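Okay, so here's just one chain, in structure tokens, the form predicted alone.
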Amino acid sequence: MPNSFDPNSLLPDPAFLDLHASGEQSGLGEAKEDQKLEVPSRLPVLPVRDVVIFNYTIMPLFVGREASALAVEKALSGSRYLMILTQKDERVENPTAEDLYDVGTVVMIMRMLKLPDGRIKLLVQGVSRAKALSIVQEKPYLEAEVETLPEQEDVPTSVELEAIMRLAREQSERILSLRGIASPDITNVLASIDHPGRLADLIASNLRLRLSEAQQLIATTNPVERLRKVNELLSKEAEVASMQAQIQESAREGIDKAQREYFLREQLKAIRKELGDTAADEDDDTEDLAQALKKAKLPPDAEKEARKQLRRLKAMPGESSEATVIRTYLEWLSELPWEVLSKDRLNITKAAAILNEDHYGLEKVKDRILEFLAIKKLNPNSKSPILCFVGPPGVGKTSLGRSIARSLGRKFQRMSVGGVRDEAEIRGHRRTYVGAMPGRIIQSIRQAGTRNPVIMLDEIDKIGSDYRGDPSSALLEVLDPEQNNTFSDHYLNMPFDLSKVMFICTANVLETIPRPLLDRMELIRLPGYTQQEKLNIAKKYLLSRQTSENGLKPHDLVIDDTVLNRIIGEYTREAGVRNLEREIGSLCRKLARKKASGTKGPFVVDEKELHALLGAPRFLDEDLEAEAAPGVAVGLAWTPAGGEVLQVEVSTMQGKGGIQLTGQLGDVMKESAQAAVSYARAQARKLHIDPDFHSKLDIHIHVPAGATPKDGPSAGVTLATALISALSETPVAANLCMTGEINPARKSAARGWY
């Protein structure tokens, strides 16, 4: 493949002009005007890939193909003339007539040198445009029938021609000036050429032209028209050169400004040093940062990285955006409690008193915390447990976390992860992003100021995931005592020890928590409160808190246990006490209004006054019949707020064995009804019912509260009992509630009875 190279080593004489900005190709040597060239009509052809040679241009070429080398030897053994034709597609290795342009240049070989690697280095000069009429030989090298295209020597002078030539010279000088290579010699050469065709060829040979543009120029025989096309290309090149010069000037100004600011800053520093004005020295900030990092007692790896970043910060201007990023990063490193630990309160008796003071009941949770304290007292290096409180809303899971932190003497940080969908919320963002910061785990550690706080991950069952990542997967490392001693935050990009942190998670249900995450936690279930527990919680905690928040004194409200039980049973229906506290707060607000209006207390709230203040009861317990009708059984249903008591009703009628299910039953509950029918059929003789009831009777199974969707397998035993009761016309005990899954293949009807 022919290539350009530095021609200076191959020049036959000093009459060589290089106008190309890179100095790699092109020159000009002029043949004498009175010299008549006799070009043979048949010439060997040298195909070239990436260059077009113009008239009078001296060009260095590398020849590597065997056929091309044979063509060169043929030319050297004869007239020294070659026909140069450019390939249409430079990827073709052995071009034929169809792969070459038909218009090219006849050149004379001025010098030839064989290289050690077998290639040939040529120095050629264009002598005439020519057209290949036909390829008369393809092997062993290309040979063509050539027709020269002589230059029109006598071009009529005119004002227009003079303007075109002057414009070409001026634009060439402007481009050279923009590139910084203008010289009087080049100006003189351009001014000395008075032929438009030669001027066009000289300029075109030194422009950065695409192959198609150069081929279009060489095929234009009219010198004036060729010069017009060159002027168009010059205009485009002038715009590119002007824009390039502007970009370079803008970059140079930015560099000069930065250097000037650097020198001024160094001079200002020297002046302040001479004046002894150390307080105003801007390096104070960096020194303070270095002292803070030293006091933080970073681990060896973190200290090494901090020193590296501190050196970078000192070496760059303080106003740069990168300096701000590094400074913020170092501040985070210096403010994290790498070695700061809160001292645990290991007095088990006092911790138990604090837990009992803050919460009523919850004995299992309190025992677990006291066990942890006992182990910590006996083995200070023990790992902190990962607890997960599971229970319905309002039973005190979050407040229990605060109470645990108070009993341990540790700092408490609550982090709600419900609805979090971005993994970066847990692991942080990398420092390459604008506005990057650590994840919420590291933020909580920094806010707590110690490395062993109690961190509560609230609503962990409501964590989400999308295209930004899966936060629950990021929590796997956080909540694993075997891994979290080397937790890696993306922002810090170094391990941080979380093994001393006591993590407490809360959830309402377990089904939505991923199994790998659930496996890392110790589950502690918090059941709903009983009526008696709610009464005690209201008396000990809720009444005093709501009277204080609503501006009442403790003696302003007098309410007995009977009224509190009415509030619990008739105005709330929940597993926790959140709505109970709202109702007590509503009662206190109405009494506070009376007190603010001038009515003096104390205010005694009885059952009659209760209905006047809170309105009619919202929930009424169904009266249990002394004896239930056949076909009715009472079941227990689980709900997120605790539980419900449901009556299952079964009616039979003459028919053909149809089964009708009503009451918004789900697919699993419908299958339980089918299983109940199968069990009744299988045990018909033992239960003393008609074995052929399925073909003689239609069965209607209904579960009341028909507008409420119901599902699950635990109603199976209730459905079977109600069905057998209806078929045998035997009533079920009205005070018996049951729950459990039916299994028609076993002799026992259910897995569980309560």
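So that there is no doubt, residue numbering starts at 1 and follows the sequence shown. In this text, all values refer to a predicted model and were calculated from it rather than measured experimentally.
The protein also exists as the form predicted together with a small molecule; that form is not presented, and the subsequent description refers to it.
J.: Where does the small molecule sit in the model of the complex: which of 443-451, 286-294, 575-583, 109-117, heavy atoms within 4.5 Å?
T.: Only one stretch qualifies here: 575-583.
J.: Report yes if any heavy atom of Gln664 sits within 4.5 Å of a heavy atom of the small molecule in the model of the complex; otherwise report no.
T.: Although the small molecule is absent here, Gln664 would stay clear of it in the model of the complex, with no heavy atoms inside 4.5 Å.
J.: Taking heavy atoms and a 4.5 Å cut-off, does Leu227 contact the small molecule in the model of the complex?
T.: Output for Leu227 is no: heavy atoms all beyond 4.5 Å of the small molecule.
J.: I'd like to check something about Gly126: if you look in the model of the complex, is any of its heavy atoms closer than or equal to 4.5 Å to a heavy atom of the small molecule?
T.: The answer is no: Gly126 has no heavy atom within 4.5 Å of the small molecule.
J.: Against the small molecule in the model of the complex, would Glu649 count as a contact residue? Criterion: heavy atoms within 4.5 Å.
T.: So Glu649 does not count as contacting the small molecule.
J.: Thinking of Trp332, Asp422 and Phe496 as one candidate spot, does the small molecule come within 4.5 Å of a heavy atom in every one of them in the model of the complex?
T.: No, because Trp332, Asp422 and Phe496 lack any heavy atom that approaches the small molecule to within 4.5 Å in the model of the complex.
J.: Only one of Thr328, Gln244, Ser678, Ser399 has a non-hydrogen atom within 4.5 angstroms of the small molecule in the model of the complex; which is it?
T.: Looking at Thr328, Gln244, Ser678, Ser399 one by one, just Ser399 meets the 4.5 Å heavy-atom criterion.
J.: Out of Phe603, Tyr571, Tyr491, Tyr541, which one falls within 4.5 Å of the small molecule in the model of the complex, going by heavy atoms?
T.: By the 4.5 Å criterion, the partner-contacting residue is Tyr541.
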